Every structure is written in structure tokens, then in C-alpha cells.
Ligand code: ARG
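First comes one chain, alone, set out as C-alpha cells in the form predicted alone.
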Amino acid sequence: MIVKDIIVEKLEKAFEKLGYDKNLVIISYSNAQGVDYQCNSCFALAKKYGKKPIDIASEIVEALKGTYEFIATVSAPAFINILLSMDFLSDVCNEVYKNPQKLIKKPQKKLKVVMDYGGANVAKELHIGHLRSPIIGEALSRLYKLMGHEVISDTHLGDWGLQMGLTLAQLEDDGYLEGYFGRGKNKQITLDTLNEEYPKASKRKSVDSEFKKKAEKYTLCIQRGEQPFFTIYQDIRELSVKKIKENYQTLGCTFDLWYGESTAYPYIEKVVNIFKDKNLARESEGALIVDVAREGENIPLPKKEGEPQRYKNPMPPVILKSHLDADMYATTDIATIYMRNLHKAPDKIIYIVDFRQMLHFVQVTRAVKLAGISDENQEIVHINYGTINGKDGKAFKTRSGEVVKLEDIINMITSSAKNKLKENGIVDNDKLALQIGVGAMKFGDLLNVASKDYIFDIDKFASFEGKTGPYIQYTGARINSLINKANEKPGKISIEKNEERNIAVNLIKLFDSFTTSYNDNSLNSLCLAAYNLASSYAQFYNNVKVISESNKEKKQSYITLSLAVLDSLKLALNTLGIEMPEKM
């Protein structure tokens, strides 16, 4: 039962009956008092048929008289207002109680989709910059599954780049690797060691050219499988991935595949040869590149003496091999697409990576399309996201100006949740505090349009009031408590009061929001609709005396409506990757 489709179908029949083009039926939600939907088609019809808009509106409303689902009226200058009937809303809510998913409009064509998100880097500690990809990716993965698609999620670890060579070079210089090279005993390498060594190496490469050359050499040795470099790399990877998995588990993020850039390494030579065989690759300053610029790009601008040549709409080439013959970031991504198509054959590949990689994914997509590695029917989508900022509008950092660790963020938001629970008389419940804290953090992120920056405000996110995850979780807990206290079996829902009507309309909007979020590849519509439903239920909860209701049928109706809301909120939160606690 897709409510919007039912309304459109009724309008289309009325249009056809009057001789009007049914393709001009357009409806939208309305915020006007006493109006649920509005049809604005009469202006386009007037232009096409040479009649007054108000006359056409009146004709259509007359043709709709007696419609069971809604009452149609005309308002100036020529709008058709639609108010859903109480009986129809009762039917809708009873359908929701039976199976909420039946009200979600799902795409007819089912796809196989590879979702690439998470993207943690081996040997680097997870920090706030790693937060959005797994949160957005997990929610989108769940949404796509709900829509009926086959989803294969891959965290695609960064485990094959220069950071590995830098880490090895620094570990060697600090005496950790003597045993690997047969020069003595190894020093124990821990996560804390890696957290110290990589940042040190990263800073050092900018001021120590010899160290940078050494790191580049070690990176190449790893990529070629040379010993002992490859064994050291494997040991570091195993140590690091174990911790990454723990962090993702805490966030409630799941992956089908734990592949990395290294997984695609066996396919790199094949991929490079494809570009060579098709005469798409050429040498430039010792590197192997692929030109992906199109007409209107790389247009030279007037050159000033002593300055480098600049271009209008610059589109750099894809670098397949460096001047040292090392594989590049783009090379492994292209090889990964080749590998995925060879073994999984997805209809669509979605990357959830921050906005700074926009150019990279344009280049990679163009390259694989040119080479035929990705056929014309396969869709490759980059969903980019903005940054997480502090209240000052700048990147969220510690007071000392350092990047905040992911574990510290989780601890901060969980601690805030504990304080809120303590105010409600609940103490020493770490599991519940974690559920609320992680839910608060996820909802605070997903409430925003994915591509936009947002302010990370712990106190606001963890509040039990307003547009927050805890508010929706608390609504669910209140419903559970009410059901237990009422001690009444469910019955048939009959919508009579305005409070019930508001719930019914917000249920409809919630299920529409699943489709909107799916089409937009952003969960903000679903978050807002879940909040609006919870808010409408709060009004019902405060104004309608469910437990003391003496009329058995009414009480059963209230209980069933409450269960329909609970199931719908659970479905929404589960899609967002947020747990619904039994009590709070």
C-alpha cells in the first residue's frame, strides 16, 4: 500500500474522465492546516487546454467526489487540497501494524551492489576523520538491502601505499626490526608503537629527503613481495586490522569483505597491460600515465614569464606507475574494479569517501570506462561527505590542536549518555550508555545532508530532547513501558482523535522518506521523518490516557497504534544502524 501512488492513481482517473492529460498529475505534501497533499497541476492544464485554472480545479474536485481515501477541495488561486479520510488512515495504520515494509516503495529492478566504505589505513590509528565513512556507508548498505538489492560491503583497507614504507623505515631506524634483518632481536611492536611511529615518519618525510627515498624503496619492496619487508608488512597489518575490527564493531558497522588495496595487487599487471594494449597509456617523465581529459578541459591559460603553465578546467592524467615503477593509488583502485567485476560482476559500485577524493574518482571512473574494465551499463558512484567541525566551525580537534582519536570520541559521547541516564535514575549500565552514545553520534551525523559539513556537538547529540537519536530511542522505551503497563491485547486500529491522525500522517511520511533517502543517497530525510513520528507520538502519549481508557476497543486500538509506531521506529533506526533499547 503506497499511499502516494493511490492518490496519484485516483487523480489520473479523474483527469482522464475529464479529457485531461494524466501525465500532468503532480502532488506534494502540504503544511497548510487541514491539508495533507496538494495538487498544483491546474496551471499547466490551463495553459495546455486554454481554460481558467480555477475552473479546471473545480471540475477535478467534482469528479473526485465520493472518493473513499480522501476529500478534495479547491483553494485559490487553483490548488487542489487533499485531506486523507480517517477511515483510510485507519486502514493504513492497520497495514503498518501487519508489516511496515509494505508501505515502502521499492525499485522494481534489483541490483548487485558493491559498497566500498570504512577505508581505514593500516598502521594508522582511527580518528574523527574516519568516522563518517563507516556511519554513512553502513546506513546506506542497510537501506539498499531493505530496498531489495544484493549488497556486498567491503571496507577496502588502505594497506598498500607509502604509509607502509614510511612505517617500516621509521621502525627500522628506531631499532624495532633487527630480528627481521638478522641483526639481533626484534623489539615488541604494539598499537601504541604504530601510533607513535607513523606520525613521526610522516612528518620526517617532508624534511628528510633521504628518509623519504628509503620509505619509497621499502614501499616498492613490499609491493614486489620481497623479504623481509613483506613479512614485516603482514605482521603490522594483522596487528592493526584486529584493532580496526574492534572499532568498527563498536560502531555497529559490518562488512562482508575485509579486502585491502593489497588484495588487488595480483591484478595490477593485467590492468596495466590492458591500457598498454589499447594504446591508452604513455610515458611522461619516467611515469606511466593515462590521459582522461575531455573536450573543454586542460585549456592553456596565458603564460607569464617565470611561472608554470596553468590551465582552465584542469584534469590531470591518471598515473599508473611512478618513475620508480611503483604502483599508485589510482592503479590499485582500477585493479580493484577489475577484480570486483571478475569475481562479483556488480551492477553498481558505490564509494563512500570524503569530498577531497572527488577528482580521484572522476579520473578512475573515466580510466576504467576508456579501457572497458567497466562496461557502459555499470554505474560507479562516489558519495562524498563533508568534514566534522567543532563549535568554532573549524575541524574538530583536541584543546592542544591534535586530531581526536575515534576511541576518545566514543568514550566522550558514551560518558555524556551515562550522565543523561543518571538523571533518569539509571546507573552502572555501560551497555545501554554505549547504545545511546553510538546512536546519538550516528543520528547527529546522518541528520545532515551527507555532502555537507556539520558541527560535532556532544551535548546536543546526547540530549533526550529535540532532533536526536536518544529522543527517538526514548520514545521507543516509553512505548515499551506503556505496552507493559496497559496489559491489553492488540486490536483493530480506528483513527478518531487528531493526535492519532497526526501519527498516521507521519507514518506515511516516514515510509516515503525511505525512498527519498534511497534516491538521494543521504539518510537525512529518514532521520527527520523518524523524529517527526516520534514527536507526534509524544503528543499522543501526553494527551491520550491509554492505560485508564475504559472502552476496550479504543484501548486496543491505542495499543496497536503504539505497536505500529514502535515497529516503524525500530525499522528506521535499524536502517540507520542504531539500536533501540528496551528501556531508558
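Only a predicted model underlies this, so the values are computations on that prediction, with no experimental measurement involved. In this text, residue numbers run from 1 along the sequence as written.
Below, we refer to the form predicted together with arginine (ARG), which is not included among the displayed structures.
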Heavy atom within 4.5 Å of arginine (ARG) in the predicted complex: which of Gln363, Ser494, Asn121, Ser463 fits that? Just give me the one.
Asn121
With the partner omitted here, the residue among Tyr329, Tyr176, Tyr180, Phe211 that in the predicted complex has a heavy atom within 4.5 Å of arginine (ARG) is Tyr329
is_contact(Gly158, arginine (ARG)) in the predicted complex, heavy atom dist at most 4.5 Å:
yes
With the partner left out here, check for me: in the predicted complex, does some heavy atom of Val353 sit within 4.5 Å of arginine (ARG)?
yes
So, Asn186 and arginine (ARG): in the predicted complex, are they within 4.5 Å at any heavy atom pair?
no
Going by a heavy atom distance of 4.5 Å, is Asp333 a contact of arginine (ARG) in the predicted complex?
yes
Can you say which of 113 to 121, 269 to 277, 498 to 506, 435 to 443 gets within 4.5 Å of arginine (ARG) in the predicted complex, counting heavy atoms only?
113 to 121
